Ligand SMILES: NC(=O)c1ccc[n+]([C@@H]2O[C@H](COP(=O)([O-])OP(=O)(O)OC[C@H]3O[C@@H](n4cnc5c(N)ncnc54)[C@H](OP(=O)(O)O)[C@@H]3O)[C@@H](O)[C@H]2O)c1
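What follows is one chain in structure tokens, specifically the form predicted alone.
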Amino acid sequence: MQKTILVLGGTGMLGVPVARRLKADGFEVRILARDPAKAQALLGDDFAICEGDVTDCASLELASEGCHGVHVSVGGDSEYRAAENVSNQAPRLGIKHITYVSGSTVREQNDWYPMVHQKLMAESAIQESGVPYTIFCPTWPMEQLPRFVRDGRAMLIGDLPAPYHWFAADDFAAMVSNAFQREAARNKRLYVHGPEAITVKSALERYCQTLHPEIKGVSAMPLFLARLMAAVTGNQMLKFAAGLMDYFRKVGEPGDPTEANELLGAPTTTLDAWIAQRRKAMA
């Protein structure tokens, strides 16, 4: 009998590859979505789409019934609520394994940053549920690079001189699927790093050279200017982006991926290989 995994956030940047990899590896996959038609159009007919919201306990419970595991890949204001609701329901529903996407900088000393505070609370809720768990702490996904390109320009906010071990979402998806298949991955908190350490500017330059050759260089807006513009214009997205980049500038890239690589297989996709794959998909 096939095991069923419920994916929360299954239409997101990291959620879609996880859902597809789980399906390819023989799991039945359910997706909880506020807009089932949109989710079905994105993922196709091989996935069971349940209408509902992670903050609504009734719809979450209905989607979770009969599931072997739940994968939580939810960001934003609903992240902690999603983890808390899953953790409260999982023991009663017989869930055998919860996986959760946290972050490589999520640690007690960074609790001052709101996003980290929420993720730490989510981790605690999952760990205290009594259900076996795997908490993933990934660094930067390569799929973030297109978000730095807007209106024909490649723009960074602030200076991030430290290199990051960028990973491909498909490699991460394989690790999540393996976690559901390997007992040794239970009750682990694992860091996910890709095979190369590259600065954000260098990664974006290489991305643009192949996929946006019309962009001749990467611009950088100083943090003070971004904050000033956000204050003057009331642009909350710019304010958040400036704060986020300042946070990453301060904390760098902590964590050791050795255990994750040994248990679940190390990410192997290089940035150039990922760019080539993306170019082929766009052709």
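All residue numbers refer to positions in the sequence shown, first residue = 1. Owing to the predicted nature of the structure, the values given are computational and were not obtained by experimental measurement.
Below, we refer to the form predicted together with the ligand, which is not included among the displayed structures.
Would you confirm whether the three residues 19, 68 and 89 all fall within 4.5 Å of the ligand in the model of the complex, going by non-hydrogen atoms?
Answer is no for this spot.
Since exactly one of 158, 132, 141, 195 fits, which has a heavy atom within 4.5 Å of the ligand in the model of the complex?
If I apply the 4.5 Å criterion carefully, the residue I get is 141.
Can you pick the one in 28, 53, 246, 253 that has a heavy atom within 4.5 Å of the ligand in the model of the complex?
Selected residue: 53.
Heavy atoms within 4.5 Å of the ligand in the model of the complex: which of the stretches 150 to 158, 175 to 183, 68 to 76, 90 to 98 has them?
It is 68 to 76 that comes within 4.5 Å of the partner.
Whether residue 267 contacts the ligand in the model of the complex should be assessed with a 4.5 Å heavy atom distance threshold; does it?
Residue-level check for residue 267: no, no contact with the ligand.
Evaluate residue 38 for contact with the ligand in the model of the complex, applying a 4.5 angstroms cut-off between non-hydrogen atoms, and reply yes or no.
Heavy-atom contact with the ligand at 4.5 Å: present for residue 38.
Taking any heavy atom pair closer than or equal to 4.5 Å as contact, tell me whether residue 11 reaches the ligand in the model of the complex.
Close contact exists here: in the model of the complex, residue 11 approaches the ligand to within 4.5 Å, heavy atoms only.
Considering non-hydrogen atoms and a 4.5 Å limit, does the ligand approach residue 239 in the model of the complex?
Output for residue 239 is no: heavy atoms all beyond 4.5 Å of the ligand.
Going through 115 to 131, which residues have a heavy atom within 4.5 Å of the ligand in the model of the complex? Please give them in sequence order.
Contacting residue: only 119.
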